[in-house]
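Read the single chain below, which is given as structure tokens and is the form predicted on its own.
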Amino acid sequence: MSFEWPWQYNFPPFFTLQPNVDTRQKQLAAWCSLVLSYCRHRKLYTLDVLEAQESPVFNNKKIERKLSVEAIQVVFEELRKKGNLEWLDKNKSRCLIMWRRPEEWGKLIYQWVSKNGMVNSVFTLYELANGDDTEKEEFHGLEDWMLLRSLQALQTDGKAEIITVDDGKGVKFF
């Protein structure tokens, strides 16, 4: 399945931050939506600002337009304010991108556990994210940091307990 670009993506002014406040807010909302959709489609969880500028999401070769690093930082800051991004370093050069929040992932995981009659079962984190049983699930392949945060959200809700299994981590669902 190929990614569907929004109409703005082929509109050259979209790649220049607009000076008008109202227009800029709409533009930033469109950029945020585009970044989250693209990352979801490609299952991307971490981004590098300098690499991002060369990625198709910020570099439209068809119309020969590229969003500046400064503008990318503005888009990323907007995503941070919305709770969809966390910086990995003080220089703000790498970030975690959360196109779905940990609580949302936790809900999906718990729905799968319940639907398959696996409440009161114990899983290793590897089994949950990479096991054969979860292959067709949206959370299959979820990166460890996000899986752990999702399970912590379930633990807070009293639906799971993160445990140590041998030399790794596991989870028991209630």
Partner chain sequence: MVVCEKNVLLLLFAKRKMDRFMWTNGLLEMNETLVIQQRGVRLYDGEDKAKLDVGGVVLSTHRLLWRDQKNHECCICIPLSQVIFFEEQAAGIGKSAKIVIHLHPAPENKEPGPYQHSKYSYIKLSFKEHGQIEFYRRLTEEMTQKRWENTPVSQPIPTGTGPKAGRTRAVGIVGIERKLEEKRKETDKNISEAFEDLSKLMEKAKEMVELSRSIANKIKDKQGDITEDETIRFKSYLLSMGIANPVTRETHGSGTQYHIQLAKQLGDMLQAPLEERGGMMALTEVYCLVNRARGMELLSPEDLVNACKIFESLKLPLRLRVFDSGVMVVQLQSHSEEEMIASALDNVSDKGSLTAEEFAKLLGLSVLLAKERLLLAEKMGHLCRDDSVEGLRFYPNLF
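Residue numbers count along the first chain shown, from 1. Everything quoted here is computed from the prediction, not taken from an experiment.
Not pictured, yet referred to below: the form predicted together with its partner chain.
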{"property": "Which of 141 to 149, 58 to 66, 101 to 109, 116 to 124 lines the interface with its partner chain in the predicted complex (heavy atom within 4.5 Å)", "result": "58 to 66"}
{"property": "Residues P6, S33 and S37 all lining its partner chain in the predicted complex, heavy atom within 4.5 Å", "result": "no"}
{"property": "Contact flag, Q18 vs its partner chain in the predicted complex, heavy atom cut 4.5 Å", "result": "yes"}
{"property": "Close approach of K26 to its partner chain in the predicted complex, 4.5 Å, heavy atom", "result": "yes"}
{"property": "Contact label in the predicted complex: P13 to its partner chain, heavy atom within 4.5 Å", "result": "yes"}
{"property": "Contact set, 66 to 90 vs its partner chain in the predicted complex - heavy atom within 4.5 angstroms", "result": "none"}
